[in-house]
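Presented as C-alpha cells, the chain that follows is alone, the form predicted on its own.
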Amino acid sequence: MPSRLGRRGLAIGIDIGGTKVAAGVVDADGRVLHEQRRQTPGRDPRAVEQTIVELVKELSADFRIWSVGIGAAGWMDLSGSTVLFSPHLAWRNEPLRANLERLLRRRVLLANDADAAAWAEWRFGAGRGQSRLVCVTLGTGIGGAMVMDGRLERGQYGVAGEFGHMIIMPNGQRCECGNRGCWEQYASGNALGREARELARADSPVAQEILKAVGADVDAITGAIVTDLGLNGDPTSRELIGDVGEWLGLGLANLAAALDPGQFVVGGGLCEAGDLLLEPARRAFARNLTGRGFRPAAPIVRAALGPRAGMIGAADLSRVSARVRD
C-alpha cells in the first residue's frame, strides 16, 4: 500500500482502559487513519504489554510510523517512565516505558489518559486557541488535566489533575480511593447509575420507565441507560441527569476559583447527555462562582473528539516528544 507507506509524521496512539485497548494511526493533523481494538486482557501487566506489542506490529505493517504514544489511567512519574499506580491494572511502580521500548525496539511516550485527551482537545478539538485550558472527563469516575501556555501542567510530582477526588461533601458517599464525599461520587456516570438504582429500589412510581428499560432488573441500571432514556424524553431520567449536572457545575466553580482557566472542556461518556447535563452545570457554575458578577466566567463547552481523544493525544504527544529527543 504505497500511498500509506509514503505518509510522513504518522504516529500510533494507544489508549488503555479497564475493558479495552484502542490503538490507531494518527497523522499530524489529528486524523485517525486506521484503528484496532482489543479487550483488555485482565489485570496482568505482561499480558497488556503483549497486547500493545501486537497492535503496534499490526498497525506498522501498512504505515511508516514515526513514534508510539501510550495513554493509560493512573499516576505517572514526572519523567513519564514509570506507572506509579493504575486503578485498572496491577501496575505499581511499573517501568512501563522501558519494558515497551525493549519489546518494540522503538521510542515510546507514556502519558496519563486524561492528559492525552486534554492535549488532543487543545491541539485539534474544542480547546484550540486557549492559553489556559482545563479538561474534565466524565466516565466511570472523573479524570482531569490542564494545558497551560502550550504545555501539560502535571504538578511537582506528576500527579496533578485528580479533580475527581476533591472532597465536596464531607462524610459523603464512600469513594474507591478510600475517602468520602469525592466529586466523582456525585458527578460521574457511576453516580448517575447509583442514583437511578436507589430510586428504583425505593419502588418509586417515577422510576417505572427506568425499570421497564431493564426488565425490572435494578442492578442492570447504568448511567448510560439513564442517559439514553433522558435523551428520549423520560422526565425522571432528565431530572437525575440535571442533578448530576448541578454537582458538575459546583465542582467546576471550585476549579475556577483555584485555577482561573480560560475555558473548561468537558468530555467522556456522560457527555452524550449534551445540554441535559451541561445547561444545569452552567447554571450551577454561575451560581457558585467566587466573585460572580465581578469577574469573567470561563465558558463550559463539550469536548469535540469523543472517545478517540486519548488515542489522538497520545499519538501527538509521542510525535512532539520524538522531535525533542532527536
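The first residue of the sequence shown is number 1, and the count goes up from there. Just so it is clear, the model here is predicted, and its values are computed rather than measured.
If you look for the form predicted in complex with another copy of the chain, you will not find it shown, but the lines that follow are about it.
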At 4.5 Å between heavy atoms, only one of the stretches 127-135, 225-233, 202-210, 97-105 reaches another copy of the chain in the model of the complex; which one is it?
127-135
Pick from Leu55, Ile300, Ile65, Leu289: which has a non-hydrogen atom within 4.5 Å of another copy of the chain in the model of the complex?
Leu289
Please run the contact check for Glu153 against another copy of the chain in the model of the complex: heavy atoms, 4.5 angstroms, yes or no?
yes
I'd like to check something about Gly161: if you look in the model of the complex, is any of its heavy atoms closer than or equal to 4.5 Å to a heavy atom of another copy of the chain?
yes
Look up in the model of the complex whether Arg295 has a non-hydrogen atom within 4.5 angstroms of another copy of the chain, and give yes or no.
yes
If you check in the model of the complex, is Pro280 within 4.5 Å of another copy of the chain, heavy atoms only?
no
Do any residues of 133-153 have a non-hydrogen atom within 4.5 angstroms of another copy of the chain in the model of the complex? If so, which ones, in sequence order?
Met146, Met148, Asp149, Arg151, Glu153
